[in-house]
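The chain below stands alone, shown as C-alpha cells; this is the form predicted alone.
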C-alpha cells in the first residue's frame, strides 16, 4: 500500500481522489495514466489518500466527499470512501492573496516553525510515503544553500510550497520514514539547490517542477520533430485560457511569470537556439470552467527557403489531465524511495514536468523522456 497526502483540495486534488476511488470500484478505465499498462511494483489500487490540506475555510474540517459534491454536483455518484479522507488546515503564507477565498493558515497567531512542527507531528501519525503539492501557483525563488532556504522559510519570507517541502524533509528526518514530495506547480523545488540540499541530507526525494499535461508536452514533441528534420523554427506561439481558480490566480503578473518560466524553458533546450516565442497562460474566463482553450502556432523554414505553418486549436479538461499523471507520480515516488534515492530524479522529472529538476537540467522531447523513464524502470516500450 502507498499512503499519500494531498496539499490542496481544489479541482486537481479532488479529481485525483475521485478518479482513484472510481478505479478501485471498477467504475472507470485507467486511461490518462501513462504507465497504467506496465507491470510496476505497485498497482493503482494500492494508492490510499489518507488526508488532504487546504486553507479555504469553506473546506477545512470537511472531507473530499464534500469537495467532490461541490465540484461534480450532488447527483454525481461519488464513492462513499471519500468520506474517510479529511481536509485539514494547511499553511497559508499569503498563497491565496488576491483570490476570492477566505483563507486561514496553521501559522496564524504563531510562528511558521510551530506550524511546520504541527504538520510534521500529524504526518508522523499519518505515515505518508508521498506528499503531492497541487496548491495554487505562487511566486517563489531558488535558494543557493540549505541555510538560506531554512532562514527564509522560518522567517515567513518563503511561499507555502517551500514551507511544505521543508516540512517533508523534517518528517523524513524525525520519523525515519523516507518520503517523496511531488511538486506539480511552478514554484521551484526540484530546481531549487537549497531545498534539494535538504532533501539529500534527510534522504527525502522531490519530483518537479510543474506537471506537464496538455499543450506543453505536445509543443516539446513538435519542436523535436522540427529539430530532427533540420527545419528552422522562426517562432512559436502557445497560449491557453481557462476558468478555474488557478487561471484566476495566473492573472496576477508574478504568478503568471512563474508559469511562463516553466512553460517556455523547453525552446532553447530542444532546438539548440532560442527561437522567438510567446508561451504563457493569457487569461481567465469563468464560463470556460476547468476545460481550458488552447491555441498554438509554429512557423518554420524548410528546404529551399519555403515557409510552412502549423496551427492547433483544442479544448482540454485541465485538472483531470494532471490528476492522471499524479497517479503515476505517486507510484514512482514510492518506487524511488524503495530504490534508496534522495534529492531529485531527472528520469522521472523529464517526462512528467515542464521544468525538470535538478537546476540546470535540460528539457528533452517527451517522447525521448518516456523511453528514458521506461529504461529507469527496467521496462520495454513493446513488452
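Numbering follows the first chain given and starts at 1. These numbers come from a predicted model, not from an experiment.
Unshown form predicted in complex with a small molecule; subsequent notes refer to it.
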Residue contact check: residue 91 to the small molecule in the predicted complex, 4.5 Å heavy atom = yes
Give a yes/no on whether residue 95 approaches the small molecule to within 4.5 Å in the predicted complex, heavy atoms considered.
-> yes
With a 4.5 Å heavy atom cut-off, would you call residue 129 a contact of the small molecule in the predicted complex?
-> no
Taking heavy atoms only, is residue 188 within 4.5 angstroms of the small molecule in the predicted complex?
-> no
Listed range touching the small molecule, judged in the predicted complex by heavy atoms within 4.5 Å, from 300 to 308, 110 to 118, 243 to 251, 74 to 82 | 243 to 251
Selected contact from 101, 226, 198, 236, since only one has a non-hydrogen atom within 4.5 angstroms of the small molecule in the predicted complex = 101
Can you pick the one in 182, 160, 179, 266 that has a heavy atom within 4.5 Å of the small molecule in the predicted complex?
-> 160
